[in-house]
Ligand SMILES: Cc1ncc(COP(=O)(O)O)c(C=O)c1O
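Have a look below at one chain only, the form predicted alone, in C-alpha cells format.
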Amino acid sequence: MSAAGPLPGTGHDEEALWQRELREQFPIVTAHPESAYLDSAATSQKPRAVLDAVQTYLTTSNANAGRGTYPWANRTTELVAQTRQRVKEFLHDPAPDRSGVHFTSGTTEGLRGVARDWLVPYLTDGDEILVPHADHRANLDPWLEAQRLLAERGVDVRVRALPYQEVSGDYDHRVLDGIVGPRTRFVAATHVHHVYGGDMNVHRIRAAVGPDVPICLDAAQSVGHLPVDVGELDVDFVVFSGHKAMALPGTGAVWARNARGPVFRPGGWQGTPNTAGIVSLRAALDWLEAAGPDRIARWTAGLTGRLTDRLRHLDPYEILGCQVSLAAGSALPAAQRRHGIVTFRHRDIPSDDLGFILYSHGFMVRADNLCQAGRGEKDGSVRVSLHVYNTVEEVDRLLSVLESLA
C-alpha cells in the first residue's frame, strides 16, 4: 500500500485499463515507448483531441477575434467567448455572471497582470501584503515589482513573507495570526508547490486573514492535475498555464472573482489573442473533464506514493518536502500527499549529473534549482513529475536505476 492508498496494479483492473486507454491518446508518448517523460510539472504532453481541435480550427475557420463580421471571424470570436465560459465551468465557479476570465501567455504573465493592473491601483500608503518567498519566483517577483512601482509614486507598501514550516515546506499557519494585521490588504499564495508537491492548505490562510482580504492563487501545478473548486478555495484570483494543463504553450488564464476589491481589467490595449492556443485550452479542459480530474489525481498520487515509499529507504537520497508524510502510509490526509511531484537529491552525485544519468536510461526529468524564489532550496535537485500517461512500470524502472546508483 502506498502513501496514497492501494495503487492500481499492472494487470487488468478497472483503473489500469482506464489509464492505458488514456495513455494511448498521447501520440508523442506512444511513439517513444523506450522513453519515460517525467517532467509534466514543466509542461504536459498533449492528447490527440487537443491536437485535432487545433488542426481543425486552423484549417476551417482561422481568423482574428473581435475584429471582423464575416463567418470565420465570428466563429473565432465565439470560440474565445465559449472558452472563457468553459474555464469558469472547469473551476466550478459559483458566480459566473460576476467573475471574469482573461487570457494570458501563462501563469507568469497572469500574475504580473494582477500585480500591475489590479494590485497597484488598489493599495494605499501603509498597506501590507503577504507573499511567498520560497515558491516559484513567478509568484514573488510581480509583488516586489508592484512595491517598487508604488514606491516610485510615493506610496509606501510593506511586503511581508508568508512563514514556512521548515520540515514540511508548507506555509506555517500556526504563526499567521501574529503576522496578519489591520493593514493586511492582499495575499499571494500557491495551490500546489512546484518543488515539494504538497497542497499548501490555502483554506488556512483564508481562516487567518478573514473574509475580506483578497487572495491570489498560483494554480500552475493544480489546474489540469487535480480538481480545482474556486468556491471551496474562496480565493479571488486563480492563475494558471494552459501548457501545464495539456493545452498549447503560450496560453494561460486569470480567473477573477470580482467580489473583493475592484473588478479586474487588464490594462492597456489588448491585441490579437492567441486564438489557436485558446482553442487548444478549451479542448484540453474538455478532455480533462471527460477523463476525470479526481481519477487523474488518484492515479498520480498513487504513482508518487509508490516512488517515495521505496526511495525514502535508499540511504544516499534525500526527498525534499514534508518528511513526516513519507512515513505516514495510507493514513495521510489527501491534502498532505504529494500531488505528482517528487524532488530529491543524491548525497554524492550532483543533481545535473544525476539528470544526465537518468536520461541515458530513458528518463526525462528536471535537474536544477527549479526556479525557486530566494528563501527556497539553495542547491540543485532532481524533480520527477508525473501525469496520467505515466505508468507503474515506468516508476518501477526508475526505482531500479536509482537503486543501482545507491
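Throughout, we count residues from 1 along the sequence that is shown. None of these values were measured; they are calculated from a predicted model.
FYI, the form predicted together with the ligand isn't displayed, but the following is about it.
In the predicted complex, Gly198 stays away from the ligand, with no heavy atom inside 4.5 Å. In the predicted complex, none of the heavy atoms of Pro293 sits within 4.5 Å of a heavy atom of the ligand. Although the partner is absent here, Asp218 is a contact residue: one of its heavy atoms lies within 4.5 angstroms of the ligand in the predicted complex. At a distance threshold of 4.5 angstroms between non-hydrogen atoms, Arg298 is out of contact with the ligand in the predicted complex. None of 178 to 186, 86 to 94, 261 to 269, 239 to 247 except one has non-hydrogen atoms within 4.5 angstroms of the ligand in the predicted complex; the exception is 239 to 247. Distance criterion of 4.5 Å from any heavy atom to the ligand in the predicted complex singles out Thr108 from the list Ser99, Ser325, Thr108, Asn274. Screening Leu79, Ala138, Val228, Val209 for any heavy atom within 4.5 Å of the ligand in the predicted complex leaves a single hit, Ala138.
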